[in-house]
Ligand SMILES: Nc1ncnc2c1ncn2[C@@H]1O[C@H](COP(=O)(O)OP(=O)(O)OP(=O)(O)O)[C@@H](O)[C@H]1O
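To begin, one chain is listed below as C-alpha cells, in the form predicted on its own.
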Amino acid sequence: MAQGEASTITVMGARPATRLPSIAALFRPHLGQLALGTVWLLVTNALLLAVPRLVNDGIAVVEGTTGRGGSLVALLGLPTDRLWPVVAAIGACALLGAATRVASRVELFNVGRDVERELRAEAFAHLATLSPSWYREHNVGDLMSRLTSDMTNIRLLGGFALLNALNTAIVFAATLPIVLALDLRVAALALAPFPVVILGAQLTARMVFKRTRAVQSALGALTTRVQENLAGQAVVRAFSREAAEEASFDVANQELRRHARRLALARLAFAPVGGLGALGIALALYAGGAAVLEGRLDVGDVVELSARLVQLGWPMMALGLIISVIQRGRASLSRIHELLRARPDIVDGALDRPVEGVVEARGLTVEVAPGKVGLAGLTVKVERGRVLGVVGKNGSGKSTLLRALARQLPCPRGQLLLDDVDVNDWHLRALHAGVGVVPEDAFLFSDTLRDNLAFARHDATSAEIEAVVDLCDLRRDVTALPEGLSTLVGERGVTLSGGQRQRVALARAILSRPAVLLLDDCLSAVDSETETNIVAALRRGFVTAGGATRAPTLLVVSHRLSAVREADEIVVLDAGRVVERGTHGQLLALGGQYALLWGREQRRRALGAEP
C-alpha cells in the first residue's frame, strides 16, 4: 500500500498509524519539559562540581596556602581565613544540589512516562484497525509483551538513560577543562584509561542490541504460554495435561533464561572496562604526589583533582548500563515499529447510512487463505426480513459466507452486495451497526451479565434488556444466578455453561437491533427445541428504536437441520459450492445430500441422542 493511500484510509473512522516514530520524534513534543529538566540538571552539577574546589579551599585554610584555581570562598565574598565559611558553603551546595537533583528527575523521568503513555495509546489504537486475518497470524502473548515490557524499555530510554546520558555529558564537559587546568601532565596520566572505557562501550553496544531483541522475543513466547494456559486451564485439567504443559512452559522459561544470561554476559563484559576509572584515581594520586614534591601542585590541588576523577567515576561506571538501556529501548522500539507497519486489508468505504437488510451474492468466490478457496461461485439473494439457512458438512464453507458479509474476510468487488451496494463500499461503522454477528464460540467479558448484554448499547433500558432475556430463553438462567443480571460472569464467561454463553451472545447482538443477523452455529450448545424456538422468535421480529416490530434478515448456519427447517430458502454447501438449494420440503423431495443429513438427524433423535 502506497504511503499516500495509507494516510487516507480509515477503519471504523480511525486512521491506522502512518508513521514509524524515531527516538527523536517521540521526544520532540516534550522539548520544553526536557529543557527545564536539563536546566535543573545543569544547576545540580554546577553545585556539586563546586564541592571539590571548596574542599581545596578548606585544605588551603588549614595549610595557609592558596589553590592553583583560586579561592571559590573569596569569589563568594566570604572570609578566606576561617574554616566555617567553607563548611557552610559545602553544606549549602549539598542541600541545594539534592533539591535540584529531585527537580531534574521529576521533569526528565516524567518525559519518559509521557512518551510511554502516548506511544502505547498510538499502538493500541493502531491494533484496533488491523483485520482479523492479522490477528490469526499473531499470538496474544507476544502482543501483550510488546505493549507492556517493550513500552517499559522505551520509558527507561526516555527517563533513566536520557537523564544519565545528559548528566554524563555535563560532567565530562565541565570537569575535563578543570582537571586539565590544574596540571596537564597529571591529568593526562589520570585520564589515560578513559578512552579504553569509551571504546569498550562502543564494542559492546551492538552485541547488547542483538541479544536484547532475542530476550524480548523469548519473553513474548513465554507470555503466550502463560496466557494460553491460564485461559485454557479447564481444558488442561480435563485431559490431565498438567505435566506436559509444565514441561512446555519450562522449555520456554529456559529459553528466556538462556537469552537473558547471554545479555547479562554482554553487559558484564563492560564492567571491568568501566572499573578502569578507579585506575585513573590511583594514577592521579601517584603523579599528583610527585607534583607536590616538585612544587607544581599543593596538597589541596591533588585532593581536588582526585575528587573530580571520582565524580567522573560514576558516569564511567554507568556508561555500560546507559548503553544497555539505550539498546534495549532501541530494540523495543523496533518491535513496536513492526506493529505499526502492519496494514489492514479491510477498510472503510464511503457509504455511511442505515442498513435495510437485502443481501445478495453474485458468483461469490472467497479465499480463506492463500490458494485455499472457502466459497466458489455462490449466488443467492435474501430479501429484507427473510431467512436463509446454510448447511453442509464441516469445512464446506458455511461460515465463510457470514464472515465475508460481516467483513471479517477480504471480499472481491462486485460479488457480495448489501442493499444493492458492494460491501466494500460500506463504511465499517454503518455495516457493523446494521449487521450483527453471533459466532459459535461466544466471547464474554469479565463483567456483570447486564454489562455483557448491553455491551453494544450502553444506553439500553432495563425494559429492553429484560425483553432480550425473554427472547433468548434466558429467564430461568437469570433467575437461578445469585445476583441475577448483576452477577459477574468471570473471564470469558467461565461461570456460565456453553449454552448460556451462546444465548447471552445472541441477546447482546439482538439488543443492538441489527437489520441483518448472522447466526454462525451459535446455538449448538442448547437443545434443538430451544434453538428452534429462538429462531422462530427472531423471525417474528423485535422492537426497534422507533417502537415498531421488525424482523431482521436472518442468515442461519447450523449443523442441526431442525434450526433451518422453516427458512425461506436453504442452500447446501460442499467444498465451497452450492450442491442443493430450496425449501425444506423441496430438498427432502430431491432425496439428495440434505435428505440424507435429515434422515440421520431424525434417527439420532429417535434414539434419544441430541443431533
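When you see a residue number, it is the position in the sequence shown, counting from 1. Computed from a prediction, not measured in an experiment: that's the story for all the values here.
There is another form of the same protein, the form predicted in complex with the ligand; it is not shown, and what comes next is about it.
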> Looking at 184-192, 364-372, 114-122, 511-519, which one sits within 4.5 Å of the ligand in the predicted bound form if you count heavy atoms only?
Replying inline: 364-372
> Which one of Ser486, Thr461, Asn394, Thr479 is close to the ligand in the predicted bound form, taking close to mean a heavy atom within 4.5 Å?
Replying inline: Asn394
> Out of Arg328, Arg503, Lys398, Arg407, which one falls within 4.5 Å of the ligand in the predicted bound form, going by heavy atoms?
Replying inline: Lys398
>> Since only the chain is shown here, I'm wondering whether Arg403 would be in contact with the ligand in the predicted bound form (any heavy atom pair within 4.5 Å).
In response: yes
> Is Arg136 close enough to touch the ligand in the predicted bound form, meaning at least one heavy atom pair within 4.5 Å?
Replying inline: yes
>> Can you tell me whether His559 touches the ligand? I mean in the predicted bound form, with a 4.5 angstroms heavy atom cut-off.
In response: yes
